[in-house]
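What follows is a single chain, given as structure tokens, in the form predicted on its own.
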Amino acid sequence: MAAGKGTRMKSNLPKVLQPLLDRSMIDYLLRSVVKVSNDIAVLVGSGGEQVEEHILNNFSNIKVLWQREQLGTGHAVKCAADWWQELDDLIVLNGDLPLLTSQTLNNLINKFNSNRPDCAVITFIAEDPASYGRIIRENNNIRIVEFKDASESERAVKEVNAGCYFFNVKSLLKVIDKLKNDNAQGEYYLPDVLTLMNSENMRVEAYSAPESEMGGVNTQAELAQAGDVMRRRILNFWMAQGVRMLAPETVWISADAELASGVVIMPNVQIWGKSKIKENSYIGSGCILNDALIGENCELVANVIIENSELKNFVKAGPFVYIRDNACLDDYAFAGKFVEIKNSHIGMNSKVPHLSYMGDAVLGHDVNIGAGTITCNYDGVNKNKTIIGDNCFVGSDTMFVAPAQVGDNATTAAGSVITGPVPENALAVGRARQVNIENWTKLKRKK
């Protein structure tokens, strides 16, 4: 169920699309659900167009259903009846349960299949029950008492309703149309189904799940708390796989990232998107990776930002390097201090040591780029390429006015502006001849 407004989020974004780490909150729940079932539907309502688009783009096998009017959870289940009434069993989950694991869900399914009740309500023992509906067990019956209707003794009960249910579909069909909305809100409440089932002498059970997985997310503070729990889960998983973290409390890793054994992660590192880091690579403090592919035995010294780019094996980068937009550094390449590399290919064993910008460039192998070198790739209309051959030596403060091409084994003199092709084995000098004006300082002061 993902039809609610989530007004307490104070956001124009639908609640289930609120970002948890770097994915929407509902993604985590759906990833757990797809591991235990092939028949899945998401019921949308408020902000449904956005939610529907997200589901169709990311979970193509999941059906989207609509609750055009938000008239309560019971009404939501009734709106979906055309989809679920031909099933044997139905599981109803809230969309704001990002921490529910497939293991817990599978355990609950196995228990339901073993006992075969007409309904099972999922509960948890709350350290602070607050305004949750209380689970009252009496005379082998289970009933839910809403907080506002509970007596003092009932409010003392710590077992609460998680808002999730397992139903035998045939049993549910017998009572779902008997739901009434004679309450102050004029809504149809799904917990009332349990009362109807009890009156029909159906068997209702309550299965307890961990509080750490069943607490809903309704505010930005709760979203942050859930994000921290998910972060620690991810970190613990990778440390169990042999990834070393010196200060895991400062590290953030996406649920989509992949790390190999022997990777070392220093403090204050962020790894987002579908980043992959191979064996024995070192990620220094302050690095931020987003959809980055890092090969074996790479070293990111510190404060390296990599976006949608690849470093092959034994590459060294940093400190203070920005690599972005489909850049690629081949084996043993090096990008040093205060370097930006954009949409460029840096060949094997080539070096861009410091204070340089390589944009839309292709460098061959064993190229050395002097400090302060820039590819002037944008002419005001188009981005143009600079191609530098193998074994080239580029002098400091060279400017390549793209499109530019440099042959193998060529050299550019320091301070040159290269506007035309440079042949193989040539020295290109593109600068004004030095002129010294004698006594300039004295003449200037006298004037």
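Between two forms, the rigid core is defined as the largest C-alpha subset superposing within 1.5 Å. Residues carry their position along the shown sequence, with the first being 1. Owing to the predicted nature of the structure, the values given are computational and were not obtained by experimental measurement.
One more form of this protein, predicted in complex with a small molecule, exists but is not displayed; see below.
**Student:** Which single stretch, out of 310 to 318, 366 to 374, 127 to 135, 204 to 212, brings residue heavy atoms within 4.5 Å of the small molecule in the predicted bound form?
**Tutor:** Looking at the other structure, the answer is 127 to 135.
**Student:** Since exactly one of 118, 340, 330, 96 fits, which has a heavy atom within 4.5 Å of the small molecule in the predicted bound form?
**Tutor:** Contact residue from the list: 96.
**Student:** I need to confirm a contact call. Of 350, 281, 161, 254, which residue comes within 4.5 Å of the small molecule in the predicted bound form, counting heavy atoms only?
**Tutor:** Looking at the other structure, the residue within range turns out to be 161.
**Student:** Give a yes/no on whether residue 258 approaches the small molecule to within 4.5 Å in the predicted bound form, heavy atoms considered.
**Tutor:** Flag for residue 258 set to no.
**Student:** Since only the chain is shown here, I'm wondering whether residue 285 would be in contact with the small molecule in the predicted bound form (any heavy atom pair within 4.5 Å).
**Tutor:** Contact check for residue 285: no, nothing within 4.5 Å of the small molecule in the predicted bound form.
**Student:** Quick one: does residue 73 come within 4.5 Å of the small molecule in the predicted bound form, counting heavy atoms only?
**Tutor:** Yes.
**Student:** Against the small molecule in the predicted bound form, would residue 146 count as a contact residue? Criterion: heavy atoms within 4.5 Å.
**Tutor:** Taking the distances in the predicted bound form, the answer for residue 146 is yes, it comes within 4.5 Å of the small molecule.
**Student:** So, superposing on the core, is the move of residue 103 at the CA at least 2 angstroms between this form and the one not shown?
**Tutor:** No.
**Student:** Using the core for the fit, does the CA position of residue 242 change by 2 Å or more between this form and the one not shown?
**Tutor:** Stays below the 2 Å threshold, so no.
**Student:** Rigid core fitted, then: does residue 185 show a CA shift of 2 angstroms or greater between this form and the one not shown?
**Tutor:** After core superposition, the C-alpha of residue 185 moves 2 Å or more between this form and the one not shown.
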